[in-house]
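Listed next as structure tokens is one chain, alone, in the form predicted on its own.
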């Protein structure tokens, strides 16, 4: 079988194409491209079928485990694929580890060290119980995130663009510094003891629920991330499509009820906006995939992310 590898502009990426066995898979093709180019390792490649010029249809992305014959449209001796360089890649575990490590390290610096002297505050700082509990809550959250990254989550995509490491770290690290600065500030005014207990109590309940949601989602996939899209069921997923995002948002609401800072509420609004967009996209995708036709199950009626609002 001959495979012609071209760019989106029609230029040959591999001069003269590649000769592969008739039983070759997309994985084999990606390895062959890597062997010829050296630079483009498999996770850096995106291979699609050509589309007619002017067509508005989305190109078919080649699935790594499938046989190349499945994409030949009856012509088993010749195949043309369109190659796109996705750029340098890192594993999702690496990405998540570094984005969560920053807040885990940065927040305690504002609690334990006299950093406020560099901002002009010379007096001895009084530490309130709510600030101590906020430190424990914060560190527990991000430690949990890192442990889930290595021992719970199963990723359908092995890698992410390297640029996402810098973007995500900027987001998490800057918000971590912003919130830590105000919660541990020498002029911080604590809320009442009752409000603190209600906020942290509700937040911890949501953190535990969030962990269980991640366990349920992990069980939908194989150890290698295989399994495709499935209807999540059980626990809060019987009510909400994205219960993991719901519990994530509400756990930060609990933190903010207990600490009451503008920085914390800004983070809550931004995070809720981002996760709401993710949830809307996933809800639409699941409803489209599970439409009740041709033997497919019909997606049940559920809230999307924030009952009773959305």
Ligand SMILES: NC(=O)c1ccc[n+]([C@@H]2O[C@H](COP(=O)([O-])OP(=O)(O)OC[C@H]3O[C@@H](n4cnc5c(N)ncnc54)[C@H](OP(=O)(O)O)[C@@H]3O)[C@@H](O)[C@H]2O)c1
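The model shown is predicted, which means the values in this text are computed figures rather than measured ones. Residue numbers count along the first chain shown, from 1.
The next section is about a form of this same protein that is not shown, the form predicted in complex with the ligand.
Asker: Do residue 24 and the ligand come within 4.5 Å of each other in the predicted bound form, heavy atoms counted?
Answerer: Residue 24: no, not in contact with the ligand in the predicted bound form.
Asker: Quick check on residue 203: any heavy atom within 4.5 Å of the ligand in the predicted bound form?
Answerer: The answer is no: residue 203 has no heavy atom within 4.5 Å of the ligand.
Asker: Even though the partner isn't displayed, in the predicted bound form is residue 154 close enough to the ligand, meaning a heavy atom within 4.5 Å?
Answerer: Yes, residue 154 lies within 4.5 Å of the ligand in the predicted bound form.
Asker: Flag residue 286 as yes or no: does it have a non-hydrogen atom within 4.5 angstroms of any non-hydrogen atom of the ligand in the predicted bound form?
Answerer: Yes, residue 286 is a contact residue.
Asker: Since the partner isn't included here, can you check whether the ligand sits close to all of 100, 230 and 282 in the predicted bound form (heavy atom within 4.5 Å for each)?
Answerer: All three within 4.5 Å in the predicted bound form.
Asker: Just one of 104, 217, 135, 169 has a heavy atom within 4.5 Å of the ligand in the predicted bound form. Which one?
Answerer: None of the other options qualify; the answer is 217.
Asker: Given that the ligand is left out here, which of 263, 49, 257, 275 has a heavy atom within 4.5 Å of it in the predicted bound form?
Answerer: Selected option: 275.
Asker: Looking at heavy atoms inside 4.5 Å, which stretch does the ligand contact in the predicted bound form, given the options 246 to 254, 50 to 58, 37 to 45, 64 to 72?
Answerer: Residues of 246 to 254 come within 4.5 Å of the partner.
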